[in-house]
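Given next, in structure tokens, is a single chain: the form predicted alone.
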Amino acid sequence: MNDMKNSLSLIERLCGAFGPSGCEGEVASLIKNEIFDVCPDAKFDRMGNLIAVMRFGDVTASERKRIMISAHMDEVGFMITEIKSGGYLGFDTVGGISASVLAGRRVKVLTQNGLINGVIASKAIHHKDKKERQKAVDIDKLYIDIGACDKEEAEALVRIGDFATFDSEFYTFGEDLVKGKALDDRMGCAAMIEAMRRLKDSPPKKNIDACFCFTVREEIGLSGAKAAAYELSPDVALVLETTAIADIADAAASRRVADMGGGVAISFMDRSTVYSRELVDAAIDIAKRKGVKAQVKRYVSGGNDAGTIHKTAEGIKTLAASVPTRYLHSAACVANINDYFAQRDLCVSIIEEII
């Protein structure tokens, strides 16, 4: 029970932090505080990645292996592009967000004086003609209302180039389900934090460096992971992610990526990476032997930091293990906490055994 309570508390705090791509500082500070007792030497690189290296075995041994474990800190969000008459804010999306999930959503805008509240709005249904009612509103027809009376008041609060994110409550519901913004990829970050704590309490008896990388800017091009992988030059890499699964009503079975509640999803391939079959087979075997619930990702979709990690320098053998998640890149991502536990536990076992 305490394990469940502590994990949920950690995930909730991480999801609640403000951190669209390029603005990961609050998330990074929270994580640095969480891992300080485990790895006080964790450092930021020039990109803003937080890298914590845990060294096990004989640290003087010339033959040491290195594994990179990666999860991204950033979330999808918005950037203010215009301050309109009436005090409304025009915006564009940061990362892939469908316009269909936006109207009516609460947001937080990070200004030079701190966070302010807002709501994404558009023309009310009463003012739309029949054609307008039949389709989602385009991004350029939406705006953020921050309660300003006019353009001058808005300009005193917000600058073009300020960022915003969803403002969404975190809660549990149903049977072991969690809902919140930014489960992508704060769940992966939480799994890394908890894995680090376990490894400190029970260190692997091998000469390995476990390099935990909390990366930036995954949602807009994977640039953080590229820099971290180049700097660390690991023998293998493990990416902890979430994956959109399409297990909703009316979705064809052939397009369902994985099953929520079916365990951590291990990828053979996605839109940017063909994963090392050697590592995939090893991960599946480890999960079976350790009693970790796991499944394979059945449909080629999405992408993650592995897309740049695997082709860094002379190439890095890479594996991805994801939490199946509904409604990704929205204010209401949903996942099963038991799949998170499976991801965390598999991460620990892979570090102990895979190299």
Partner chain sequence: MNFYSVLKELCLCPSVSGREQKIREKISAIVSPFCDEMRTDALGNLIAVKKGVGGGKRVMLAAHMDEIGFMVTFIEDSGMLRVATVGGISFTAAAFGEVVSENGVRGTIIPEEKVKPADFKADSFYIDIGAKSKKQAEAKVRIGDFFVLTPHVQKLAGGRVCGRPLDDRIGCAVLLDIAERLRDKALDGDVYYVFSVQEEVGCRGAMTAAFAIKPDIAICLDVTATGDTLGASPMACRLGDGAAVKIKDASVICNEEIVRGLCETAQENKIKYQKEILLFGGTDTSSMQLAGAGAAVGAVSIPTRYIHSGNEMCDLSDAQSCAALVSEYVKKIG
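Numbering follows the first chain given and starts at 1. Note that the coordinates shown come from a computational prediction; the quantities given were computed from them, not determined experimentally.
There is also a form predicted together with its partner chain; it is not shown, and the following applies to it.
In the predicted complex, every residue of the candidate spot (275, 281 and 315) has a heavy atom lying within 4.5 Å of its partner chain. Within this chain, residue 205 is remote from the site of its partner chain in the predicted complex, having no heavy atom within 4.5 Å.
For residue 311, a non-hydrogen atom is located within 4.5 Å of its partner chain in the predicted complex, even though that partner is not displayed. Contact between residue 298 and its partner chain in the predicted complex is found at the 4.5 Å heavy atom cutoff. Remark: residue 116 does not count among the residues lining its partner chain in the predicted complex, judged by a heavy atom distance of 4.5 Å or less. Residue heavy atoms within 4.5 Å of its partner chain in the predicted complex occur in exactly one stretch of 188 to 196, 170 to 178, 263 to 271, 101 to 109, and that stretch is 263 to 271.
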